[in-house]
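Okay, so here's just one chain, in structure tokens, the form predicted on its own.
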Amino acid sequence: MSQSRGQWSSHMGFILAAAGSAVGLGNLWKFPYIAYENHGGAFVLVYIGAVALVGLPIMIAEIVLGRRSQLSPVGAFLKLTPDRPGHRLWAAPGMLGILAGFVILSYYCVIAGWTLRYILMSVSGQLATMVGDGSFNDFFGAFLADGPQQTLWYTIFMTLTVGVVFFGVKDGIEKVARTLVPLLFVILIALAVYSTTTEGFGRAMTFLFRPNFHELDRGAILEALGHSFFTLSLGMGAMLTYGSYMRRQDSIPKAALAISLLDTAIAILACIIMFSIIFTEDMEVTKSSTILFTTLPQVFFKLPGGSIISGFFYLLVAVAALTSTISLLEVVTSFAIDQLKLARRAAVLLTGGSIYVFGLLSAWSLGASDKLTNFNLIGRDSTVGMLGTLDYLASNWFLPVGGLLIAVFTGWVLSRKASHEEMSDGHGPLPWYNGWQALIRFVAPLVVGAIIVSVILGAEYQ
């Protein structure tokens, strides 16, 4: 290993950083909504099965590629195929991961910035006042259409992200992850304990854990499969990049399993918290894009201690978002370090600055600019806007295609000797190795291929 390359200081440091990457708005925002939309129980079981059979094998594959190559996505694929026909073509999945990281971070920080605004409104009492006098109903739309406000909170969140990555793997990303990921769990568990005191807790538990397979249709199964893949930050090179900083004495399978369990547990806990509160007030969930920012605030302030609950909840969401955004920036930064040979701090400032400028298009596409609001490249509703267009392209094309290529590469191009050696280092004997090979060669490509086909046919699951 190059002495100049960053490295996690411990196995736990890697697990916390990677878990932080996986845990984000998808766990706290998207999963509760799609679980609600697909009638809970049976959908949740299918989702957990999909994490085990698709998400976990691909995560192991990404980490294997990262640690084996000791490089970022583009360099990893090129280094591991020196004698293969069409060697240079394998840079494509790496570049797709870099592009996905660039695009997703540009709009993800816009949404994440909203959480900072809501934390401030919660602790200042402004949110309680607006909910109380009814003015909150008009707040969110006006807030989205306020270009300067969107720019301000986007800038603050992007600055936090750049600041963490600027200080490197051990002193920046790992140090922050060691603080924020445990904090995330403390807040989540505290809110979960509170949810047990609400009237809707029993109904929430029944909804989540009593399966009714008659309510499960083909679209719900595809949605569970799709989300199990995306929630673990797969297909964009984040796990590959983090894996490239992993020590040889640490176990890849154990780390991947721990990350998957943490990510799934957080998604389930988020559902328990949100459904307990929503069912207590018997409120209908109607839009995934607004549940965190329009439905929940009005529910919080009908409960005892609403300001405290609201403040802690939006702090939780902000922490989860930050641990994800730093991994997205690290993917792009590591490319600039490895392939462009830039020093880390120069690479962070160059890539972070470029993403920031591009992200302003999304920040102003929510009503502040008519052209950006009506921007549409995907032939759908003209109101999709720049942010919606980028989210659609990343979620439905960049990530699944990248994940498919990672599965095919690891299963069919990388030698069995190389993957077996990488997985056994730091772990020991692998009696289940052939089972993993079958999953990564056949099951994962078929499932991700089905997701891509469903997108082509219009059965989208975002």
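In this text, residue numbers run from 1 along the sequence as written. No experiment lies behind these values; they were computed from the predicted model shown.
We do not show the form predicted in complex with a small molecule, though everything after this point is about it.
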| property | result |
| --- | --- |
| Residue stretch of 233-241, 157-165, 351-359, 174-182 approaching the small molecule in the predicted bound form, non-hydrogen atom distance within 4.5 Å | 233-241 |
| Heavy atom of each of L191, I277 and F312 within 4.5 Å of the small molecule in the predicted bound form | no |
| Listed residue (P400, G40, G411, G26) with a non-hydrogen atom within 4.5 angstroms of the small molecule in the predicted bound form | G26 |
| Residue (of I451, A22, A444, L16) lying close to the small molecule in the predicted bound form, criterion heavy atoms within 4.5 Å | A22 |
| Exercise: S324 in contact with the small molecule in the predicted bound form, heavy atom 4.5 Å | yes |
| Contact test in the predicted bound form: F335 vs the small molecule, heavy atoms, 4.5 Å | no |
| Close approach of L328 to the small molecule in the predicted bound form, 4.5 Å, heavy atom | yes |
| The small molecule contact at F77 in the predicted bound form, heavy atom, 4.5 Å | no |
